[in-house]
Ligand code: DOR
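Only one chain is given next, in structure tokens, and it is the form predicted on its own.
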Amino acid sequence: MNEITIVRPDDWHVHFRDGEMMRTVVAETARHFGRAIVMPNLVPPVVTRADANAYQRRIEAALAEHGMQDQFKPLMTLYLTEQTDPNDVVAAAQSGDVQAVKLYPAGATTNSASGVSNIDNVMPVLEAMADNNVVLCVHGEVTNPDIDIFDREARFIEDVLQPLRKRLPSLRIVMEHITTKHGADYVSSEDSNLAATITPQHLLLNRNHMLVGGVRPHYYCLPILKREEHRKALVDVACSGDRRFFLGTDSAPHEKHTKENSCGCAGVFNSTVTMACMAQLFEQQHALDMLEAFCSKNGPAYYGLPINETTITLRRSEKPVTLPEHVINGDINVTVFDPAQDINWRVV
């Protein structure tokens, strides 16, 4: 197959940042995706319905600068803190102003200092969400310094997620950016109210890509890349068509100089090349017929939204395509994800 047309995909986990960075990167997502769940970990974070409305207006203004305001819709989220008002969350969700609430364990990733240190402290919010069918997106890692960084996802499932789901079985949860066989197996074993997003970098790379032959800072992300056995498990579920798994790029822009220094930021910016990379991966797995489910259909089904009405077409060439290396806007320079292999697909 040298060409495939699919329902326009959505990105169920993206970071736009704010200000000039947001204006630099928002078009890279809007070019190929119809909607995106926009992460709320700004400084200060997007905590209230009013915060979400204001942030959405800034995103829409940036889209208008690119002439893309009619082809892309940002789906807003709230940042769960231990001071979050349950009534504000329910009102924001029922009005359609937000699609989900994001749980960051305090200190787990970029701009997560305001996150949750003890799940018991946010139970009133979670109970209200369960009662009102509001989705909880979780960064699934524990942050105890005694636990190895490569084990944090598995321990989160055991120590936090399983007890939470027993306590609130009706709470609808998305495990964001799963990275391990433990995560894939856990979601696969559950029949309802649990799904997971998977990123391009965790589908295409393992930790050797980041560490062997020299440290590659533009592959450093949180959750961190894992062993090859875990990557293969993610590929298997992504390409299976299983409705519980869908694309969330976790595209997270940082300026080049903040990645390439003695204490580099965590985050991979991949929006520009995601769909080409996904077509390459699914072709390699003889699963191009499952690309649309993973990228375009499973996410809307879980969130209770219609699929997009438009399509995109991807075409395969005999020779590898040239992928952009940077997105530049004035003094801002963001390095684009390098998939560490030739890519023969492009969006046409």
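This structure is a prediction, so every number in the text was calculated from the model and none was measured. Residues carry their position along the shown sequence, with the first being 1.
Missing here is the form predicted together with this ligand; even so, the following discussion is about that form.
Annotated contacts: 15, 41 and 177 all touch this ligand in the predicted bound form [non-hydrogen atom within 4.5 angstroms]. Contact annotation: residue 266 falls within 4.5 Å of this ligand in the predicted bound form, judged by heavy atom distances. In the predicted bound form, this ligand lies farther than 4.5 Å from every heavy atom of residue 205. Taking the partner from the other structure, this ligand in the predicted bound form has a heavy atom within 4.5 Å of a heavy atom of residue 254.
At a distance threshold of 4.5 angstroms between non-hydrogen atoms, residue 126 is out of contact with this ligand in the predicted bound form. Contact with this ligand in the predicted bound form, judged as any non-hydrogen atom within 4.5 angstroms, is confined among 73-81, 230-238, 87-95, 244-252 to 244-252.
Taking 194, 222, 138, 277 one by one, only a single residue has any non-hydrogen atom within 4.5 Å of this ligand in the predicted bound form, and it is 222.
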